[in-house]
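What follows is a single chain, given as structure tokens, in the form predicted alone.
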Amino acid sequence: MTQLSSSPAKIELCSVTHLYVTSTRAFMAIKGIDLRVEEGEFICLVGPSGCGKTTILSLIAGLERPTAGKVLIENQEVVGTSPRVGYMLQQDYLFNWRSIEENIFLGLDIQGIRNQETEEYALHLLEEMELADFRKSYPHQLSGGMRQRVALVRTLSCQPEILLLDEPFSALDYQTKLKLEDLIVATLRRHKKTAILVTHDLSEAIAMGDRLFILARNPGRINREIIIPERIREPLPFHARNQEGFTDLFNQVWKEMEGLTDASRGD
């Protein structure tokens, strides 16, 4: 286990259990989740489908309240959505009738914080993402990878302290995904953001994260925590894949995931 700080965690889940109830059944998505994320840390959640990864993000984002347990941000219980938390999904949800510039200002409008200073910050982020020349373009004129960069700028423009990433690269081609991984990690490090990534791509999780949590299902629970070695953690994701020990760690996680999948089939 990592050495935990005595100060409040940036994010903490304390014995969190969550049930989804319909008219015909009750389904336990996650049970007894204890998770602590320090400020500036990047953690990744992996596991078989149905293990509750997205449910965990929804609870942290305040989109749902846990059935039992507490979700805390700096010791304050999460009771609803907050501008402190940004959420980026697989789909970019850009409005095709708005220019890129107007799309990235949308969050500022919604939160009522649009002014010259916040607009300039958003345009600065657009430049960091190498998209300044496309500010007057429209989403249909951009590639999938470019659209995802715009979606990230729109999220970061509101200056959230925490960024939740739910498989944001899964629809992209491999080369674009690798480039975007590097760009996002570099940006989050530069702006000292705390981030949680949900992904099915094990190499992506190992290359991007400081720590990796493997979840089991029926119900969703943390099966194992893996601390990514410093030599893999420090480089940007593209180069992290070439570091000594990366392949061994990938095989270790792969084997554990296979064991969880086999166990689920046997239930």
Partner chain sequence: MHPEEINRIHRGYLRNERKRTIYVILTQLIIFVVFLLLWEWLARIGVINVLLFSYPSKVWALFWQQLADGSILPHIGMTVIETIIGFILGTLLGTLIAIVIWWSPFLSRVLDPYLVVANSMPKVALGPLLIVGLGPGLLSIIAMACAISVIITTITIYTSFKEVNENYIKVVRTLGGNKWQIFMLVILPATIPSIVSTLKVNVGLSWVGVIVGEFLVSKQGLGYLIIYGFQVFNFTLVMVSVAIIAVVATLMYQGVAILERKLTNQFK
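What you see is a predicted model; the values in this text were computed from it and never measured. If you superpose the two forms and keep the largest set of C-alpha atoms that fall within 1.5 Å, you have the rigid core. Numbering follows the first chain given and starts at 1.
A second form of this protein, the form predicted together with the partner chain, is not displayed here; the remarks below concern that form.
(message) Within 4.5 Å, heavy atoms only, one stretch in 105-113, 68-76, 178-186, 127-135 touches the partner chain in the predicted bound form. Which?
(response) Answer to the contact question: 105-113.
(request) Go through 85, 122, 196, 150 and name the one with a heavy atom inside 4.5 Å of the partner chain in the predicted bound form. (result) Answer to the contact question: 85.
(message) So in the predicted bound form, is the partner chain close enough to residue 174 to count as touching (4.5 Å, heavy atoms)?
(response) It does not: once the partner chain is placed as it appears in the predicted bound form, residue 174 has no heavy atom within 4.5 Å of it.
(request) Please run the contact check for residue 98 against the partner chain in the predicted bound form: heavy atoms, 4.5 angstroms, yes or no? (result) Taking the distances in the predicted bound form, the answer for residue 98 is yes, it comes within 4.5 Å of the partner chain.
(request) Please run the contact check for residue 81 against the partner chain in the predicted bound form: heavy atoms, 4.5 angstroms, yes or no? (result) It does: once the partner chain is placed as it appears in the predicted bound form, residue 81 has a heavy atom within 4.5 Å of it.
(request) Give a yes/no on whether residue 142 approaches the partner chain to within 4.5 Å in the predicted bound form, heavy atoms considered. (result) Flag for residue 142 set to no.
(request) Sequence order please: the residues of 145-172 with a heavy atom within 4.5 Å of the partner chain in the predicted bound form. (result) Heavy-atom contacts to the partner chain in the predicted bound form: 154, 158.
(message) When the rigid core is used for the superposition, does residue 151 move between this form and the one not shown (threshold: C-alpha shift of 2 Å or more)?
(response) Yes.
(request) Taking the rigid core as the superposition reference, indicate whether the CA of residue 81 shifts 2 angstroms or more between this form and the one not shown. (result) Comparing forms between this form and the one not shown, the residue 81 CA shifts below 2 Å.
(request) Tell me whether residue 66 and residue 90 end up closer or farther apart in the predicted bound form, going by their C-alpha atoms; the shift is 3 Å or more. (result) Pair moves closer in the predicted bound form.
(request) Check residue 141 against residue 187 at the C-alpha atoms and report closer or farther in the predicted bound form, compared with the shown form; the change is 3 Å or more. (result) Relative to the shown form, the pair is farther apart.
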